[in-house]
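Before any questions on binding or motion, here is one chain by itself as structure tokens, the form predicted alone.
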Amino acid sequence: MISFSRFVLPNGLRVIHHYDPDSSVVVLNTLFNVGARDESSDKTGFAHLFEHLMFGGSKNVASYDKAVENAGGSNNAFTNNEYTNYYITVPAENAETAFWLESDRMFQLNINPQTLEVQRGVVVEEFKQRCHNAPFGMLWHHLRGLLYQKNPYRWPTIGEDVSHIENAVLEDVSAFYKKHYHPANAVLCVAGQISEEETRSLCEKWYADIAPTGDVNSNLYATDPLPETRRFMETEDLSPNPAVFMVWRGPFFQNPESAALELFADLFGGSEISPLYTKWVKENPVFNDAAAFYLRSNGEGLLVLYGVLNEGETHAHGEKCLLETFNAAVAGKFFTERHMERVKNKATSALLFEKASLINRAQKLCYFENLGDINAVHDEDAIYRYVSLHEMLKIVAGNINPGAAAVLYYHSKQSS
């Protein structure tokens, strides 16, 4: 159990306090309810751009990183399709410094032509390195493009096209900041060796006078019907070997069925002793690597199967191997209750390990608060623990149409 208390400031900022007397530090974790899905289709990558811009200084802090270092702290951030998360850790005696730094960049970020130019260059270079010059760099662009036509999940967090960031102007960037990066659209968790009384006092001192500059994100998006037939794309990639990817849309994070799909994917292709890997990498080497995983997210989950082909093997044969083995697994030909117990223990142990970290606890509290049910943080492992083998296979069969996969064939090429 993660103990916490909760209060809301008049400006709409939701604050979660988690006391840990055994910690010598204080963590401030700020979750902004904005991600890649909140971008315009012609201005993608802005949420990721702000992950960088937020470290460029603010109204009263010329150098954010230098101030953090002077306080003996550390910080980082990450962005995904649904939200952007920033966190800072400082020694408990320097807790107020963290409040000052985090509140100031929520109050007034220093967005000017110079900082935009610097961070735009960093993000553009990151896009080129990750997407244009790395094996499978455009994978999620291709797969999401096959899966969605209207929904903003059709582009990855880094953006649909690098030109959107290259052409970003100060006016558009400032408007995105004012719309999304304000107290009413954020959750703050203060965790560690700090009392609830001090947390309330410091929040009122540093955050209470920050006025909202936009509305609370509605999290309503255009939807696409589930595919009813196979969707296909064939392209080249920098990978030294050709590959086959198959992907299906599935239930979202809060739906307990998403946990069953995660367990299934781990059993089916999550290790070198899984049926997928054993059959097609070890026993019948069609692939030199093969795996399956399920990505759980606030919007929709994605079930992914893939195989990297050995020389002389065709894509069509690789797809057939993936699909036949998947169908056999859903039919119950590989797993026993003992397998099920092992994979559930693995999942629940991973959750326990995550919660050993103060930062992870702070992030989980923000995440579930943003979902609208913070108390669900206590039940996170239960959805794994109580699903049976029969129920898992029934859920997979009910959610995944084998004939309606998005299928991507990669051919290898030698240079970009």
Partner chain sequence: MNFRSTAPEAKTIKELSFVAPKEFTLSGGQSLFTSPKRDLGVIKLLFYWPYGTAHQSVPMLARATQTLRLSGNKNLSAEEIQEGFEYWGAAANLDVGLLSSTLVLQIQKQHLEQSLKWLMEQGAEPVFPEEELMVFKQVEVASLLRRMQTPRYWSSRLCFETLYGKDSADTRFANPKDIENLKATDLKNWFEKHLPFSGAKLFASGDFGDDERKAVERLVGTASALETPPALALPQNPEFNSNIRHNMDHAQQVSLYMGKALPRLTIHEMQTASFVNMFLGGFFGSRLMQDLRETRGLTYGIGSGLTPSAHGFTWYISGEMNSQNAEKAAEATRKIMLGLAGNPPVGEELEKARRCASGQLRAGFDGPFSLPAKWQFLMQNNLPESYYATYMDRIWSITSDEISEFADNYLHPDSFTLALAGKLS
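Numbering follows the first chain given and starts at 1. Since the structure is predicted, the reported quantities are computational estimates derived from the model, not experimental observations.
What comes next is about the form predicted together with the partner chain, which is not displayed.
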Completion exercise
Which of 141-149, 227-235, 112-120, 319-327 lies within 4.5 Å of the partner chain in the predicted bound form, heavy atoms considered? The stretch 112-120
Practice task
Select from the listed residues A168, L302, I210, A291 the one whose heavy atoms reach within 4.5 Å of the partner chain in the predicted bound form.
Solution key: I210
Handout entry: Candidate from F287, F268, Y86, F245 lying within 4.5 Å of the partner chain in the predicted bound form - any heavy atom
Key = F287
Exercise for the section: Using heavy atoms only and a 4.5 Å cut-off, decide whether all three of S24, D65 and Y277 touch the partner chain in the predicted bound form. Expected result: yes
Exercise for the section: Mark S103 yes when one of its heavy atoms lies within 4.5 Å of a heavy atom of the partner chain in the predicted bound form, and no otherwise. Expected result: yes
Exercise for the section: Consider E125 of the chain shown here, and say whether it contacts the partner chain in the predicted bound form, taking contact as heavy atoms within 4.5 Å. Expected result: yes
Problem - Partner proximity in the predicted bound form: S349 to the partner chain, non-hydrogen atom cutoff 4.5 Å - result: yes
Problem - the partner chain contact in the predicted bound form: F353, any heavy atom under 4.5 Å - result: yes
Practice task
Determine the residues of 64-93 with a heavy atom within 4.5 Å of the partner chain in the predicted bound form and present them in sequence order; the list may be empty.
Solution key: D65, K66, E69, N70, A71, G72, G73, S74, P91, A92, E93
